[in-house]
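Just one chain is shown here, as structure tokens, and it is the form predicted on its own.
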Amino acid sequence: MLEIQNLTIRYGNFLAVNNVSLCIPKGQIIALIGPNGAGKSSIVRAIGGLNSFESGRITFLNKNLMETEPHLRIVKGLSIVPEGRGLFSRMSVEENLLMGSYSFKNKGLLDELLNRNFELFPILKERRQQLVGTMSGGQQQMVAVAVGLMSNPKLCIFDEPSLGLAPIVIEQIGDALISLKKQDLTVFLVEQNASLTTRVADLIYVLSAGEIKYCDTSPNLMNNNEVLETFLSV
């Protein structure tokens, strides 16, 4: 569904991403894991059209993604739940969700998407009129995930969804990702949290210093002592 080929990103003389290639097939949860500064967010921003890159190619649904303006990529079926959530704190839960579906005019579809997200996160239905800025960090992350899903995407990218959350909330986020996969959503999970990643992902790419060091299934990586000691300290 999405393929990155030989992606290289520089910031001045600093090489942030070096010749990275990865593939996200339809219907799977593919994860990219690595420490702070590994280059993960640079890759996400390049997919979203917020970063230029020195060389490489990014295709989505077999078409060159760079031929689509950043604001139109969501219409094509690509959604990103950014690190830091990017919510409107002075707006209600429901208002934030509706902002995620700004490209839709069909009220029936809007109601269906709202109900789908309320089933995924029942607490959001209870608090649909609550101002997002008054919610806990975990609840805000649920709102951010739901906003990303309100565009009815084919592929959703989650950038550090576990950041700063309590273990019980991280478990709920993991349950939601597994549920989304069962609903045929393709997921690209970009994370530092090895416990979450190895639990939900079909395939994991390990990124370090801007380069892919390993690519394998969760069970295989969890049996690799070098990977465990260096990258997956769960």
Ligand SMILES: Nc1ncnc2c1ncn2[C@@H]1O[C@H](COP(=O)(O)OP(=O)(O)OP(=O)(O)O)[C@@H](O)[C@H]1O
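This one's a predicted model, so the numbers in the text were calculated from it and none came from an experiment. From 1 onward, residues are counted along the sequence shown.
In what follows, reference is made to the form predicted together with the ligand, a form of this protein that is not presented.
Even though the ligand is not shown here, does residue 35 get within 4.5 Å of it in the predicted bound form, heavy atoms only?
Yes.
Does residue 192 reach the ligand in the predicted bound form, with heavy atoms at most 4.5 Å apart?
So residue 192 counts as contacting the ligand.
Verify the contact flag for residue 41: yes if a non-hydrogen atom of it lies within 4.5 Å of a non-hydrogen atom of the ligand in the predicted bound form, no if not.
The answer is yes: residue 41 has a heavy atom within 4.5 Å of the ligand.
Answer with yes or no whether residue 83 is in contact with the ligand in the predicted bound form, where contact means some heavy atom within 4.5 Å.
Taking the distances in the predicted bound form, the answer for residue 83 is yes, it comes within 4.5 Å of the ligand.
Which of 41 to 49, 169 to 177, 60 to 68, 196 to 204 has heavy atoms within 4.5 Å of the ligand in the predicted bound form?
After filtering at 4.5 Å, what remains is 41 to 49.
Taking 4.5 Å between heavy atoms as the contact cutoff, choose which of 22, 16, 215, 222 touches the ligand in the predicted bound form.
Of the listed residues, the single hit is 16.
For the stretch 158 to 175, return the residues whose heavy atoms include at least one within 4.5 Å of the ligand in the predicted bound form, in the order they occur.
Read in sequence order, the lone residue that approaches the ligand (within 4.5 Å, in the predicted bound form) is 160.
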